[in-house]
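Listed next as structure tokens: two forms of one protein chain, kept apart as structure 1 and structure 2.
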Structure 1
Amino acid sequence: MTELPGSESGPAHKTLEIGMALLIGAFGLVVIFGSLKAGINWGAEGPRAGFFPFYIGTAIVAASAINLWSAQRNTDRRLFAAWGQLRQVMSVVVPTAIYVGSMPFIGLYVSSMLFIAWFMRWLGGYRWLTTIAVAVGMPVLTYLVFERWFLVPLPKGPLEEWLGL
């Protein structure tokens, strides 16, 4: 919610607000469509599966329409966020997406190690020694607490298989 300064630019709050209302409205339409497919009238067993969601979807579309209308009337010129701030946010979202995406293939432990190391080294600017200590220590501690103590299995990859864990 930054005031519009001369030097920094970024997407306007109003644009995002409108976009959000449209997105939610579209979601509502999907819900209505899905409910129609499931059947919204009364069947032999009473109201059919789409009965309740249909009205939910209608309410979403109606509320979004009102939100869209009030977003459009809005005249303030606040920024949603400066581009620099959004870059900061993306610098977390993108590696987290890679982290999450690689988890089914290399397991949670290895991907967590790489993720923590990447984050601390490139975003935090820590020394390699600190970075490696935390990046290795955390998954090892996780292994002991979750797998050994509370017996909660976590996804493993080739490395764990090779180590025979």
Structure 2
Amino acid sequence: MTELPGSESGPAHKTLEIGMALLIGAFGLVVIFGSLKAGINWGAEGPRAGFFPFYIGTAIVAASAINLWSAQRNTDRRLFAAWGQLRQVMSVVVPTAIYVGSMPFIGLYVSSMLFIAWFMRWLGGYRWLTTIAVAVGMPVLTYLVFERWFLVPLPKGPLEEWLGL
């Protein structure tokens, strides 16, 4: 698709408003159904476990319905963001999600080392020596401060267990 200079394409603001209203509304429904399973009535000891979350879920669904109604009435055709801008956001979101998802399997220290190195080299464009120094130094410093000084154990992976840390 050829575009004129100065014109951009991307998802419409209205489309994302509707999508987020539906997504958050679905979350509210999950909360409501979970609360119904736990019980929303009053027991001998007071309100049951689902009492308060049920009303929170109801408020979430109601607010989402209002947002959905408002978004559908909106006639503004402005963009939420250009595809290039979304690519920049995703270049941070995807590696961060991988970092968080890998932490239970490879531990905090190794995943932090890889995460820092990735960002410094790929997004920051730092030299390899600087990247390696910081990527190794920060997890080592974190280990010393939290595990040795404050005596707070942090999630470890197979490498740390193999090293006896």
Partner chain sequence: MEELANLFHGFAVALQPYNIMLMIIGITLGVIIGVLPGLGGANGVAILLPLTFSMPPTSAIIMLSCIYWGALFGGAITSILFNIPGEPWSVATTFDGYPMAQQGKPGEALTAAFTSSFVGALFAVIMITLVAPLVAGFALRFGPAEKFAVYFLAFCSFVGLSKEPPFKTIAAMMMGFALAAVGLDSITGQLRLTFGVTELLNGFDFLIAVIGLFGIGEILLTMEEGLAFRGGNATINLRVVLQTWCELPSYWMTSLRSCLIGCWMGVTPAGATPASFMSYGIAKRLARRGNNFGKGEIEGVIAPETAAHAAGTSALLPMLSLGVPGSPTAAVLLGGLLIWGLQPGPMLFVEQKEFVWGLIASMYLGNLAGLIVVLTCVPIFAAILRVPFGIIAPLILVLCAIGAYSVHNSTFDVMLMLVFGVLGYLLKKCNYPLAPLVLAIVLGDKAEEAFRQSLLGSQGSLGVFFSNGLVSTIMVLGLVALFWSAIQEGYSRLRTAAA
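Fair warning: this is a prediction, and the values are worked out from it, not measured in the lab. Numbers given to residues start at 1 and step along the sequence of structure 1. Only the largest set of C-alpha atoms that superpose within 1.5 Å between the two forms is called the rigid core.
Taken from the structure described as the form predicted alone is structure 2, whereas structure 1 is drawn from elsewhere. Comparing the forms between structures 1 and 2 on their rigid core, the Cα displacement of Trp128 stays under 2 Å.
Here Val140 does not count as shifted, since its C-alpha moves by less than 2 Å between structures 1 and 2 after the core is aligned.
With the core held fixed between structures 1 and 2, Ala117 has its Cα displaced by under 2 Å.
Here Ala59 exhibits a Cα shift of 3.0 Å between structures 1 and 2, evaluated on the superposed rigid core. With both forms fitted on their core, the C-alpha atom of Gly43 sits 5.4 Å from where it sits in the other form; this compares the forms between structures 1 and 2.
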